[in-house]
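Only one chain comes next, encoded as structure tokens, the form predicted on its own.
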Amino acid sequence: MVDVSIIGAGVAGLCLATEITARGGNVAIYDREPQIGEHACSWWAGGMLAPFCEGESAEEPVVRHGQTAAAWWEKHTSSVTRNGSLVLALGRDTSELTRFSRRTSGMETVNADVIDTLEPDLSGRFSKGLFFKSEAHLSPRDALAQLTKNLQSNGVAVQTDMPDTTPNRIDCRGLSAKDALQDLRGVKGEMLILRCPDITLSRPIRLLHPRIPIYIVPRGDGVFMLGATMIESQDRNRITARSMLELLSAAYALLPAFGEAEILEIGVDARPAFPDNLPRIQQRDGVIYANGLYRHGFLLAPALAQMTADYLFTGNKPEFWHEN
């Protein structure tokens, strides 16, 4: 029997606790808050399970391991929607579609008729797009709540008081682990939660732009997540006026009806990333660190959890292993 103490109850920690529990291990989870909330970077995630789209700028392991994410989330939650991803560009930016298609795979080029069928609310606005049929998305907060509930049913609750000595300590604190991981950096992300009951979208929409591409993810009941910026900064405080203007302007350009949307929430946080933007599993002073999910939290957390659990149970160093 493996006894494990996990520090951090964000998406990385909860996925790892789920994976270890499923293999028969004993888990204790510690976090500064008793339940998931705004203090966690994963609270503000888009929830897109889009490995092929991410391949436009991500390394090959992101695409490969990301393809297993939707099935993992379906196994442990009921929050996954498999409607694919739709990538679009305004008339003046259609060259961006060509560039995007050259750097990705798993898509088909679609014309105006197909776009209108996929998303009737966009009817007549776009002549060409890219449809990634196999991709999916989920509601991050619902998924995290379900993982937490599943763990609680197995006797695993998030605790706020961690003993000085715990067995097999695994650090999943994200950017808070910078005190031990000096090459960990923050990448600031800013997002908005909008409500516009007059708009219906069935899947994540990516609107390409040379300077600030955006994505819009439906949350249901006329609610949408609009994101997200990527700024090399550890600032976790407030959105900038420029980012707010550019995000809203891009949403309006996609569909003018977004001009009437209510802004329900403004989210700002810093994603943890290493220099190569890939996750790492490493061991220092008796502590295992599983970190560096960057912008791929829900996409790569299952793979990171499985690799970390493999190491605990077998001792074999996984692909994401990093020597100090």
Partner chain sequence: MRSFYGVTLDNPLMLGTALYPSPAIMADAFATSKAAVATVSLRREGSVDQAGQDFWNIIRDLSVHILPNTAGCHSVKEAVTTAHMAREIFNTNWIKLEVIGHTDTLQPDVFGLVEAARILSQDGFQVFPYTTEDLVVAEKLLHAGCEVLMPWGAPIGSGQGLNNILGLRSMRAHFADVPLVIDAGIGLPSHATAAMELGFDAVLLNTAVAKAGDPVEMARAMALALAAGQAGANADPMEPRDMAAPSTPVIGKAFLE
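Model, not experiment: these values are computed from the prediction. Numbering follows the first chain given and starts at 1.
Below: the form predicted in complex with the partner chain, not depicted.
Colleague: Would residue 232 count as touching the partner chain in the predicted complex under a 4.5 Å heavy atom rule?
Modeller: Close contact exists here: in the predicted complex, residue 232 approaches the partner chain to within 4.5 Å, heavy atoms only.
Colleague: Can any non-hydrogen atom of residue 178 be found within 4.5 angstroms of the partner chain in the predicted complex?
Modeller: Flag for residue 178 set to yes.
Colleague: My question is simply whether residue 75 lines the interface with the partner chain in the predicted complex - judged by any non-hydrogen atom within 4.5 Å.
Modeller: Taking the distances in the predicted complex, the answer for residue 75 is no, it never comes within 4.5 Å of the partner chain.
Colleague: Does any part of residue 243 reach within 4.5 Å of the partner chain in the predicted complex? Heavy atoms only, please.
Modeller: Residue 243: yes, in contact with the partner chain in the predicted complex.
Colleague: Identify which of 147, 205, 250, 184 has a heavy atom within 4.5 Å of the partner chain in the predicted complex; exactly one of them does.
Modeller: Filtering the options by heavy-atom distance leaves 184.
Colleague: Quick one: from 38, 60, 260, 276, grab the residue that has a heavy atom within 4.5 Å of the partner chain in the predicted complex.
Modeller: The residue from 38, 60, 260, 276 that makes the contact is 276.
Colleague: Want to guess which of 251 to 259, 281 to 289, 49 to 57, 64 to 72 is within 4.5 Å of the partner chain in the predicted complex, heavy atoms only?
Modeller: Stretch with heavy atoms near the partner: 49 to 57.
Colleague: Using a 4.5 Å cut-off on heavy atoms, what residues in 196 to 218 are near the partner chain in the predicted complex?
Modeller: In sequence order, 210, 211 come within 4.5 Å of the partner.
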